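Single chain ahead, written as structure tokens, the form predicted on its own.
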Amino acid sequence: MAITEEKLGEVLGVYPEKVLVNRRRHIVLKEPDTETAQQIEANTRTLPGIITNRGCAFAGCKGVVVGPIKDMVHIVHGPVGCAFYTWGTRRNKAKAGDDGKNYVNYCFTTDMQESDVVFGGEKKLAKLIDEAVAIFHPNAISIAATCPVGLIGDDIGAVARAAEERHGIQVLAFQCEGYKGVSQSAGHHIANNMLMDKVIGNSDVETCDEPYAVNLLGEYNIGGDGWEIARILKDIGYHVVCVMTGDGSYEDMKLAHTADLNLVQCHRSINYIAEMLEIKYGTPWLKVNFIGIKSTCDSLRAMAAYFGNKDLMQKTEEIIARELARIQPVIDQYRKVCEGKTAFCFVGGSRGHHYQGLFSEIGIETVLAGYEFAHRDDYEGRLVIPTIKKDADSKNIPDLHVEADPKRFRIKIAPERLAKLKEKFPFNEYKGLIVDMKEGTIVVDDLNHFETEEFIKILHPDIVSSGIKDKYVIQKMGIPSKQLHSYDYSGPYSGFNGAVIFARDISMSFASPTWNYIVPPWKNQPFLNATINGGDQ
């Protein structure tokens, strides 16, 4: 069932006038292809009183970008609840490197109490750093500030500098108090700035000796996604310099300036570093998508085209043919279970877009999609970036301005050749979500719980892909819910093997007898309402 402007008006009609006007700007009904791009409002504050799915800046910084770096100790300076909230909840998997260091499964916090809020927590933080160094010997330490730290004014930068002098390792202080910005997106930006300013390039190594050296940016190895991507890239012959940040290491990140190409998986969370790496070191970036069979193949072919080596291109095609021959018959079996069904796909800053192709490959059409914390360019494409006006919230996040490194900047590919590649592949480009939505589908920014339930009643999706906050509400409505933040203890869902696992899991969702015991709300409602001779319905 498609949604109409009239039906949308009925849903939003319960809001007060100002709320209605605000929320309508965050919703787009996809029109037929026209020359005028459809505009959506995004990255603005959620109105008070609305229950949003968004997280905070602290969650975006520590929980998403910094937390998965495995050879660092990550300290949460704040209440233990904030530490627990970002402690492995996204299932970022990691294996210890040659130095045996992997602290991802540990939770370090100052556990601020009332007395710390009154008298300050700097001494407690310094003591925790000393203990962590003495016990774990990490390669570096991060400190993530929570809301009370910003409110009482603890100088975590000074504590970090003093700890660096005492221990001789980098201690990075992230001023990512949860109230900064409008969502976790602010935390991504803060983390990007610090890693670019203090870590990347902090090495004497000038070049990478391995051929086809790439960085994988915005891949967080949830459920092992990064390992599946690495398997494919290794089979073809690529060398992954560093991953930011799933199963990534501080030591590898220092070498990111030596790569020949940056691959951007999650555009929202890491595009700042991708841009700055190009400005400072001359490394172009390619928007990739390793979720879905076709998108994985397209990304691999774009990478091969960039390097332009015939043997690499041939090897790419061999690997693609090998993998397709292996997985397609399995996918076809699961497609029989899923064919003709529909999905909601409301997740994070790129997954709401990435998973639509994979859903389509198993026969499921996406009828509603959106992001929790996206900016307009994630919906409308990067062309709109110069037109986005900064507000007080965005100005609250300092920009990091970088310039070409006089020693390390080098042209990785002839500008004429890169321009030619851009005509076919998304180098330094992301066209956003809306362009790939079908006519009559709906795009929603910052979907809230009320709208989630109302759109479900209208569109009757067969499955909803979202996060943990609304998962069980949806299941209690009698609808399968696939959690795409942490994969419900499954995965990986990336690459070729991931597509098979995803198809299996979605098929199992539909085949579960659980749903025989729950009646979706619309099944208690008549399809038609009518009266007989003006009497009762």
Partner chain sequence: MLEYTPKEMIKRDSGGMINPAKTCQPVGAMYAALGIHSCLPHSHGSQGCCSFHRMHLTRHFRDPIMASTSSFTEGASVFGGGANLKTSIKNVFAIYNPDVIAIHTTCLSETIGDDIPTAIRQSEIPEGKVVFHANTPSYQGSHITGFSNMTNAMVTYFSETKLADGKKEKFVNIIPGFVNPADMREIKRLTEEMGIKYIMFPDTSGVVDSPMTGKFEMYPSGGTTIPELKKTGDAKFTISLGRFASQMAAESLEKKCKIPFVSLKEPIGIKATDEFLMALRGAFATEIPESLECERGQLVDVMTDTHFHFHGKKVAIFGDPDVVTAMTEFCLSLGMLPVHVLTGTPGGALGSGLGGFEQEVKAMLNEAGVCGNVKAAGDLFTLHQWIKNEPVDLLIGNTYGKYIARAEDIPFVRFGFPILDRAIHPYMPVTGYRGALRLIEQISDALLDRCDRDAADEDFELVM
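Residue numbers count along the first chain shown, from 1. Just so it is clear, the model here is predicted, and its values are computed rather than measured. If you superpose the two forms and keep the largest set of C-alpha atoms that fall within 1.5 Å, you have the rigid core.
Separately, the form predicted in complex with its partner chain exists; it is not shown, and the next lines address it.
**Student:** Are any of the heavy atoms in residue 106 no more than 4.5 Å from a heavy atom of its partner chain in the predicted complex?
**Tutor:** So residue 106 counts as contacting its partner chain.
**Student:** At 4.5 Å between heavy atoms, is residue 526 in contact with its partner chain in the predicted complex?
**Tutor:** No - in the predicted complex, heavy atoms of residue 526 and its partner chain never come within 4.5 Å of each other.
**Student:** Given that the partner is absent here, does residue 113 sit within 4.5 Å of its partner chain in the predicted complex, heavy atoms only?
**Tutor:** Contact check for residue 113: yes, within 4.5 Å of its partner chain in the predicted complex.
**Student:** Should residue 38 be classed as touching its partner chain in the predicted complex when contacts are defined as heavy atoms within 4.5 Å?
**Tutor:** Residue 38: no contact with its partner chain in the predicted complex.
**Student:** Looking at 382, 124, 254, 354 here, can you tell me which has any non-hydrogen atom within 4.5 angstroms of its partner chain in the predicted complex?
**Tutor:** That would be 124.
**Student:** Looking at 317, 275, 393, 164, which has any heavy atom no more than 4.5 Å from its partner chain in the predicted complex?
**Tutor:** Checked against the cut-off, the match is 393.
**Student:** Which single stretch, out of 24-32, 492-500, 42-50, 505-513, brings residue heavy atoms within 4.5 Å of its partner chain in the predicted complex?
**Tutor:** Within 4.5 Å of the partner lies stretch 42-50.
**Student:** Would you say all of 4, 432 and 522 touch its partner chain in the predicted complex, counting a heavy atom within 4.5 Å as a touch?
**Tutor:** No: no residue has a heavy atom within 4.5 Å of the partner.
**Student:** Using a 4.5 Å cut-off on any heavy atom, which residues of 126-153 would contact its partner chain in the predicted complex?
**Tutor:** If the 4.5 Å heavy-atom criterion is applied to its partner chain in the predicted complex, 126-153 yields 127, 128, 131, 135, 136, 147, 148, 151, 152.
**Student:** If you line up the core, does residue 519 shift 2 angstroms or more at its C-alpha between the shown form and the other one?
**Tutor:** Comparing forms between the shown form and the other one, the residue 519 CA shifts at least 2 Å.
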